[in-house]
Each structure stands twice: as C-alpha cells, then as structure tokens.
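This document opens with one chain alone, in structure tokens, the form predicted alone.
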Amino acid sequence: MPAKSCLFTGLVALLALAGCRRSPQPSLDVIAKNVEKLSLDPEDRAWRHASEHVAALLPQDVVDPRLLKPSTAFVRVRALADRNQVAFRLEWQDSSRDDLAAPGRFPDACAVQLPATASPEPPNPQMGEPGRPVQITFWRADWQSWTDGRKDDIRELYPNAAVDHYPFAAPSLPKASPAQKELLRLYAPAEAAGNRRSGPRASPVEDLVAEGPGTLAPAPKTVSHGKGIFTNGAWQVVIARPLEPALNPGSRTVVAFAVWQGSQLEAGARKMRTGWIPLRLEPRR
C-alpha cells in the first residue's frame, strides 16, 4: 500500500477513535458528570458529554388507582453536578403535547425521587415507607406553560369563550381590599385558599416528601428548579436539586423516575415508573 494511503487510513482511524472517546457510552448507572456551573437548558451542549442511562419504565400496578395499560416504554436520563446542585435531564417520546389541565384533561409530567437520607438499604422505591422518607421533585407541563408566559384564564382553555372581565379583577375594586378578597374567594377559591397547585406559578416544579403510597405531601419549601421543552415529539426536562450530605461528589446512592402522559389519562398514582437505579456522583478533581 502506498505511504500516502497508509497515512490517510491512519488519520481516519485516529479521528474515529477520538470521536468515540468524545461520545459517552450508555451507562448501567446514572452518573452525574462534574461541571463548573449547571444550566437548566435541556439543549445545553454540556448534556452531550454526560453518560446516558436508558431507564425502562413499568406501570404502577401495586396500589390503587393502578395503571393497567402501559404507555411510555423508557426514559433517557443524563445527570450533571456542580458544587451546589445535581441536575437530571429526562427525555421521553410523547405523541402529543398536553400542557393544559381542565375537566377530563391531564397534563404531561415527570418526577425525580431520591432517598431522604443515605443508607446502605434504601427505602421502598414505591414512594418510601414509614420512618424512611423519600424526596420527590415533580414537574408538570401546564406549570411550565405558565412560567413561560401563558395566562391562567378561561380563554386559554376555551379560545372561543367570551368574557367581559373577572369580578375580582374589576378596575373599580382596590387591590387587596375586603370586597376584592371576598370576590376572589367566590370566583377563584383555589387561589384564595392558597392552593399551591393553582396557577399562575413562578416555577414549573414542586418539592414533595412521602413515607409510602398515600402519604405524599408538599415539602416545607421548594428549593429545586426545572425547565421543560417539547420538540420533535419528545419532552426534554431538566430537574435540579441542591446537593445534600447524601449527594456529595464521589458518593453513591439511588434514584428513581416517573413519567405521566396526559393523553393516556395518567395522573396521580396512574403513572409509569422505575425502581431504584444506582446513582454515582463523579469525584471532583
């Protein structure tokens, strides 16, 4: 073989090898790669350098109300960590974008679950167990739409609706006056009662705690952050949580995920979920 041909072949081989090294291989664990600063953007280039874990999903058929018809087969997971937070990027296929909650309509959603404390034996992956709680960060597509700027009014649900004004928003009513508060109570009871799940919202995620099925409750404060986008028939969602003692760089724990497809009438316990998956945070150099 001519020398030039041999040289060309060698260069091609080296470039191919370098390309393989730049592309992380699929991982059996979820491995959080170290970065200087996290981004909530699901399309940030940094995610390409993190190993991908393909997590198989199972229908929640242990407690009522059960999911009897499987929907989402798997969710692709990547993880990054900086000095303050660990973030998970979830991606799954969805035939429709469901980001409006209304009677008979359910939003798409996903969640990340971690043990509340480090332990060689983690709690039951089905939302923990008595005395052994789990921490859950929950993201919803309708919350994302609100934080992206969509109004929380009836015209968004029913575009052809004709509304003169909401009584509690009448210009003649002084804001926070007794009369305004009374009308708010009558016409927007969820907001008046301080319902944390009513819109509008400043964040598309909520932190929750649980010690087993049926015990889910809001955490004292939501400290997590998130962002989701829908492109090419798939959701890409980033959920970031503060680092805690159980999530120090170089540590090992477990993590679980859940996905809801609104078009399949999935809500609450009707979901696709994983068991515990090993989670490893790369040590800092």
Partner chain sequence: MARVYNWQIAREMSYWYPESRPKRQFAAVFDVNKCIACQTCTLACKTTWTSGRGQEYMLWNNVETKPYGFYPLAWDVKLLAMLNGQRWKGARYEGATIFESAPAAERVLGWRPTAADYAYPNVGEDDCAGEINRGAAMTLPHASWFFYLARICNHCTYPACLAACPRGAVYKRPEDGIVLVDQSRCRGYQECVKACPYKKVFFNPMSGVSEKCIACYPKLEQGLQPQCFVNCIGKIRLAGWISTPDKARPENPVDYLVHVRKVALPLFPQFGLEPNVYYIPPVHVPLRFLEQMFGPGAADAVRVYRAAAEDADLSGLLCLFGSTEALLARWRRHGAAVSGYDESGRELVRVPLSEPILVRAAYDERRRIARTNCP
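Just so we're on the same page, rigid core means the largest C-alpha set that superposes within 1.5 Å between forms. Numbering follows the first chain given and starts at 1. Remember, predicted model here, so these are calculated numbers, not experimental data.
The form predicted together with the partner chain is left out here; the points below concern that form.
**Student:** Residues 101, 195 and 208 are flagged as a possible site; in the predicted bound form, is every one of them within 4.5 Å of the partner chain by some non-hydrogen atom?
**Tutor:** All of them do, each having a heavy atom within 4.5 Å of the partner.
**Student:** Decide whether residue 175 counts as a contact residue for the partner chain in the predicted bound form under a heavy atom distance cut-off of 4.5 Å.
**Tutor:** The answer is no: residue 175 has no heavy atom within 4.5 Å of the partner chain.
**Student:** Would residue 250 sit within 4.5 Å of the partner chain in the predicted bound form, counting heavy atoms only?
**Tutor:** Although the partner chain is absent here, residue 250 would stay clear of it in the predicted bound form, with no heavy atoms inside 4.5 Å.
**Student:** Evaluate residue 153 for contact with the partner chain in the predicted bound form, applying a 4.5 angstroms cut-off between non-hydrogen atoms, and reply yes or no.
**Tutor:** Close contact exists here: in the predicted bound form, residue 153 approaches the partner chain to within 4.5 Å, heavy atoms only.
**Student:** Could you confirm whether residue 68 comes within 4.5 Å of the partner chain in the predicted bound form, counting heavy atoms only?
**Tutor:** Heavy-atom contact with the partner chain at 4.5 Å: present for residue 68.
**Student:** Choose one stretch from 109-117, 76-84, 153-161, 91-99: the one whose residues place a heavy atom within 4.5 angstroms of the partner chain in the predicted bound form.
**Tutor:** That would be stretch 153-161.
**Student:** Quick one: of 38, 216, 57, 246, which gets a non-hydrogen atom within 4.5 angstroms of the partner chain in the predicted bound form?
**Tutor:** Contact with the partner chain in the predicted bound form is made by 216 alone.
**Student:** Need the contact residues for 155-185: heavy atom within 4.5 Å of the partner chain in the predicted bound form, sequence order, or none if there are none.
**Tutor:** Residues within 4.5 Å: 157, 158, 163, 165, 166, 167, 168.
**Student:** With the core lined up, does the C-alpha of residue 151 move 2 Å or more between this form and the one not shown?
**Tutor:** No, because once the rigid core is superposed, the C-alpha of residue 151 moves less than 2 Å between this form and the one not shown.
**Student:** Look at residue 185 and decide if its Cα position differs by 2 Å or more between this form and the one not shown after superposing on the rigid core.
**Tutor:** Residue 185 C-alpha, core-superposed: shift of 2 Å or more.
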